[in-house]
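Read the single chain below, which is given as structure tokens and is the form predicted alone.
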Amino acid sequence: MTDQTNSSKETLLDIRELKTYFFTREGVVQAVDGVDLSVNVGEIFGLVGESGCGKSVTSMSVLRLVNKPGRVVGGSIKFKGIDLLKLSDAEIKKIRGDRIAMIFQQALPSLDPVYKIGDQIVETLQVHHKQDRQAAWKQAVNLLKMVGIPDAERRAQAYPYELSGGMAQRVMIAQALSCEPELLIADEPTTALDVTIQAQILDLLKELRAKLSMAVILITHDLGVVAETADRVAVMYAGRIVEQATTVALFDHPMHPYTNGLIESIPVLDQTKERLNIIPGMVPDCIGLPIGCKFAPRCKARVDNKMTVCTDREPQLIQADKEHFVRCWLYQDCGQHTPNVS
């Protein structure tokens, strides 16, 4: 588990009341519905949750890459004090890929199959930094070396189909780092890789964070990845943050029943454990979400305590402990409205 070595508390990215909806024939999908989170300079911030909870849509909203029928309908996304949602298309293009970069879950489909990998990195450098081709090519080779690609000069001449999955992911990271971004968004960067390569990619992200003083948003459904890599973590469910804390605090003292369920579902080498714990029920459809806590229908705490307030009103995200925030009626006065704190 990470030892919280990041000491900087300077806020790099600050998201407030972000709402991103998709307007479909079936109804309005509230994919991201009032998300508050902040990322500090130089830290690795984990964003965790089941598929469909809104993690990737949150990251795409940051880069203004949400396409129709989706759009950001409310909130603010401030990067070093600049609200990205208020920038023109030309202004956000200067930031996207330069000061904020992103790597995706599937590396090979994200690379152009008809261009050599060196040329693809060169293009990024020429677009954002206006470098001449010779200087850009030299930097591309150096970047491939930095991310641990052997025989980088020869590999720069290769096409994407000639690379393994792990090698393609390293190329994606090299391309993302080409403009020395202040923030790297890594969306499920290890999901399609085997365990050994996963560990190598995560170690690489940690090394690059330290070397470049770069912040990372690590999006994943795997709590094991978060435990080994992140400084702080936010847990998402049905478009909302339900818990946020330092990684150590989250694993030592999880507060939200959903977080508890995720942790208890992690496979462990325990001879006495005959089967994995599961979270009953399904992730709710984000069209016409019910009133009250969105996790209530699956929550063992609600069932055991017969807390009717859970289905009547939605709890706010409150500060329950130092740097520990939770959205659950178990930790706030059910008789009064508690202001949002994050």
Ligand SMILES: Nc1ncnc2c1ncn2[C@@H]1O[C@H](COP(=O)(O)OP(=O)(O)OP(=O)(O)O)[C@@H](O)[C@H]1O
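Just so it is clear, the model here is predicted, and its values are computed rather than measured. In case it trips you up, residue 1 is the first one in the sequence shown, and so on.
If you look for the form predicted in complex with the ligand, you will not find it shown, but the lines that follow are about it.
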{"query": "Candidate from C286, L63, L37, A296 lying within 4.5 Å of the ligand in the model of the complex - any heavy atom", "finding": "C286"}
{"query": "Triplet T24, C53 and V57 all within 4.5 Å of the ligand in the model of the complex via a heavy atom", "finding": "yes"}
{"query": "Contact segment among 308 to 316, 288 to 296, 38 to 46, 25 to 33, judged by heavy atoms lying within 4.5 Å of the ligand in the model of the complex", "finding": "25 to 33"}
{"query": "E182, heavy atom within 4.5 angstroms of the ligand in the model of the complex", "finding": "no"}
